[in-house]
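Next up is one chain by itself, shown in structure tokens, the form predicted alone.
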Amino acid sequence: MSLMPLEASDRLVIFGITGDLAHKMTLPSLFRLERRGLLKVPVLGVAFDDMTRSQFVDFARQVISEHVEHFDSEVFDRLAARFNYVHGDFSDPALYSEVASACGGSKSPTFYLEIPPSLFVTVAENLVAVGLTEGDGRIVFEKPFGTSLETAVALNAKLHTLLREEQIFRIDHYLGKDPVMDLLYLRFSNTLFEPVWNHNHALAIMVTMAEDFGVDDRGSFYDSVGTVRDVVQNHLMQVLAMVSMEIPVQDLSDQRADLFRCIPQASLRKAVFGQYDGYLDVKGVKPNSITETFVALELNIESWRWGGIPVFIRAGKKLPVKATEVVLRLSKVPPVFVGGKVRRLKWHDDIVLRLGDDPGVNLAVHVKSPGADAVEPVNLRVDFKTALGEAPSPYEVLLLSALKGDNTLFPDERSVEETWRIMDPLLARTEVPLMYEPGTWGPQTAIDMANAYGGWREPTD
């Protein structure tokens, strides 16, 4: 899909700038961009909270100082000089006249909507009505983008009556994570990896996203979403695309969409749903809720590269560790005659790509045991933070990309709808999920799912 390039943005407007996401991610990311000298535009905050500009600056100072390391007052003062603030009801057309006035004739503003999805169309319609999206104006939509295939298609159709596709930025913060982008560089920049990255050498692909905490104070939100909608349809499907797509020739979005088209719909028969013991006691969770806090599933990629190779995905809360990783499990070598006898190796070679807080690569290789006529596995580990230094945060990367008009790291219409198509059958589940104890790897049925392929690799950190 060829999109018209957008001019660099001349203003950032953030709807919902006093919300939880702004506390944890957006405001700290703006501070880091300012510290790195990369933020070049004025920033207008829009929210319901009735504050003056001065009060908003004080609010931002407190939030940022709590969430960044090495807070620097001089850096914050430079950032604060960019700030303006408008408050009002997002459904009130009068608010948008104030926003237009505060934008001061901007020709290519970036509007970032970190607001409930139910307000996406309302805000977009009002921005269009006052002429703020003419030319190269763009709108960044926070996830979730739809709750099913039907709703995603309807939302895309509605937005396309208001905006051109290149003006629509659907954010998925996993695509802003440096370790996720590293997947492409590792695969295609190293002679070691690409020759084995196919069905001739691979036995299975395994993707794990484990969280060692529960739903806590997000009961009402999570109970209406569940694990499939929260992290699988978006984050983990994007990770799978990066690890299994063909080499991008021109447009990364084209290769992601092509990969998703090769994946048949998920099947309830090849999925296990779990709910941790104690979930029903969380405030905001409905009595007798069947919302899953864990899911494990098997997919297939019907392409020449991956035909016949299963893809196992699992994600859940209250698991033993917090970690995200991709495992390319290679086929066992055939028996070999070494040291006067035939050796049959018990272990698989794994290429492990760590995408969480400890990004890096593990290679599982087999070596001779010291002083013994035997073979044992050894784990070779590279830590990216140690070797390369601290990476920018995902929201730094994505905000900067949106301001530049670069859609590369944002799922397009095709990818969003294809991933919902793949996951849609799982949303029709009516069975009660299997109970699992906190601190375990989910229901036993899910643990056994990958046994025929050497079993799941359990992340240790």
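Keep in mind that what you see is a predicted model, and the values were worked out from it rather than measured. The first residue of the sequence shown is number 1, and the count goes up from there.
Another form, the form predicted together with 6-O-phosphono-beta-D-glucopyranose, is not on view; read the next lines as being about it.
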Next on the checklist: Under a 4.5 angstroms heavy atom criterion, identify the one residue in 213, 185, 347, 304 near 6-O-phosphono-beta-D-glucopyranose in the model of the complex.
Outcome noted: 213
Checklist outcome for this item: The listed residue (297, 209, 140, 79) that reaches within 4.5 Å of 6-O-phosphono-beta-D-glucopyranose in the model of the complex by any heavy atom is 209
Checklist entry - Can we say 199, 201 and 312 each have a non-hydrogen atom within 4.5 Å of 6-O-phosphono-beta-D-glucopyranose in the model of the complex? => result no
Checklist entry - For the chain shown here without its partner, which stretch in 119-127, 213-221, 245-253, 276-284 has non-hydrogen atoms within 4.5 angstroms of 6-O-phosphono-beta-D-glucopyranose in the model of the complex? => result 213-221
Checklist entry - Taking heavy atoms and a 4.5 Å cut-off, does residue 230 contact 6-O-phosphono-beta-D-glucopyranose in the model of the complex? => result yes
Checklist entry - Is residue 270 close to 6-O-phosphono-beta-D-glucopyranose in the model of the complex, meaning a heavy atom pair under 4.5 Å apart or at it? => result no
Next on the checklist: How about residue 173 - does it come within 4.5 Å of 6-O-phosphono-beta-D-glucopyranose in the model of the complex, if we only consider non-hydrogen atoms?
Outcome noted: yes
Checklist entry - Hey, in the model of the complex, is residue 322 touching 6-O-phosphono-beta-D-glucopyranose, heavy atoms inside 4.5 Å? => result yes
Checklist entry - From first to last in sequence, which residues of 287-320 have any non-hydrogen atom within 4.5 angstroms of 6-O-phosphono-beta-D-glucopyranose in the model of the complex? => result 317
